[in-house]
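A single chain, nothing else alongside it, follows as structure tokens in the form predicted alone.
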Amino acid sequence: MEQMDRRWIYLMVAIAVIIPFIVPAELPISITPEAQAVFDSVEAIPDGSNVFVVFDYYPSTIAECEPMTTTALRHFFRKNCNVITLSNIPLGGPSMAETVTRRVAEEYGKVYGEDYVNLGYKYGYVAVMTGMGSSIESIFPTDNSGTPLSELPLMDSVKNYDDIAFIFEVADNATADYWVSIVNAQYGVPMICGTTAVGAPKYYAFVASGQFLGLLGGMKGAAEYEQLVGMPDEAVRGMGAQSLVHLLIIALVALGNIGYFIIRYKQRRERI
């Protein structure tokens, strides 16, 4: 082990990552109460409701966050909910919302402007969140493509938070805090949150207080949600690769320790 070139370890890790994507590893994924609460909360929404799906994550966390938004959109479209997407992140947020939503909408035959709308991005998330409480159109006079909201049939019945039944917030930063403190606290709109694995511990308190009805943490949370919705996809495959790499690391650590104790034993024998 001491003489091993570290590039062999890199090669083993690469193989461990690639194999599950070629031959999917059907590893068991336990469902946490927080992920179950996410599924149950969405299921409880009346079919045909108006909902927000918020893309508040940067491209650097796509691997963890995009499976959440993809599964959420499938869940909402399956219930024939009207989906309105937006982002408080200028770098990639509006374009990711556009790409992901249109791709999933095509799976369900949904029509833009009637079944879903992408509001895009507007600077100043505190003012944006507060302003939409009075009028969404006053903050977003046009959609992400520049089409006036007055020309989109869906937005005829959506004026402010009173017309929104649910918010699905996916964030890798502190914007989730503001959705809670402004939109949930002041306007009472029920919401759930998906976030990165490192950011999830902070939001368990929000779940305990009832401000978030459920929580998805990292790729594991996304994989749980995919399982619950019955549509295993990228997160489930990613968990196979992640689990295999973890097993490899554990094996290498064990071998390294065994080698250390063998060398130490031989050195002791030589001294004796």
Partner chain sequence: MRTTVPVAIAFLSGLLLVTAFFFRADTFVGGLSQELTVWLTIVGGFTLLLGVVSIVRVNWTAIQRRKEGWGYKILTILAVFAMAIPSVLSPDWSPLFGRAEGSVYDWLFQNLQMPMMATMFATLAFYIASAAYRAFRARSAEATILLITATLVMLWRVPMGEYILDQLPGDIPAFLNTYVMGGFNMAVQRGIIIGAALGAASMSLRIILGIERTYMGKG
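Please read all numbers here as calculations on a predicted model, not as lab measurements. So that the term is clear: the rigid core is the largest set of C-alpha atoms that superpose within 1.5 Å between two forms. Residue numbers count along the first chain shown, from 1.
The following text describes the form predicted in complex with its partner chain, which does not appear among the structures shown.
Partner contacts here mean any heavy atom within 4.5 Å of its partner chain in the predicted complex, and among 163 to 171, 109 to 117, 134 to 142, 74 to 82 they occur only in 134 to 142.
For the chain shown alone, Q36 is not a contact residue for its partner chain in the predicted complex, no non-hydrogen atom being within 4.5 angstroms. Remark: A14 counts among the residues lining its partner chain in the predicted complex, judged by a heavy atom distance of 4.5 Å or less. Residue contact with its partner chain in the predicted complex: I9 places a heavy atom within 4.5 Å of it. Put simply, T175 is far from its partner chain in the predicted complex: not one heavy atom of it is within 4.5 Å. Contacts with its partner chain in the predicted complex, taken as any heavy atom within 4.5 Å, map within 29 to 53 to I29, S30, T32, P33, E34.
Once both forms are fitted on their rigid core, the CA atom of A37 lies less than 2 Å apart between the shown form and the other one.
Taking the rigid core as fixed, one finds a CA shift for I62 smaller than 2 Å between the shown form and the other one. With the core held fixed between the shown form and the other one, M231 has its Cα displaced by under 2 Å.
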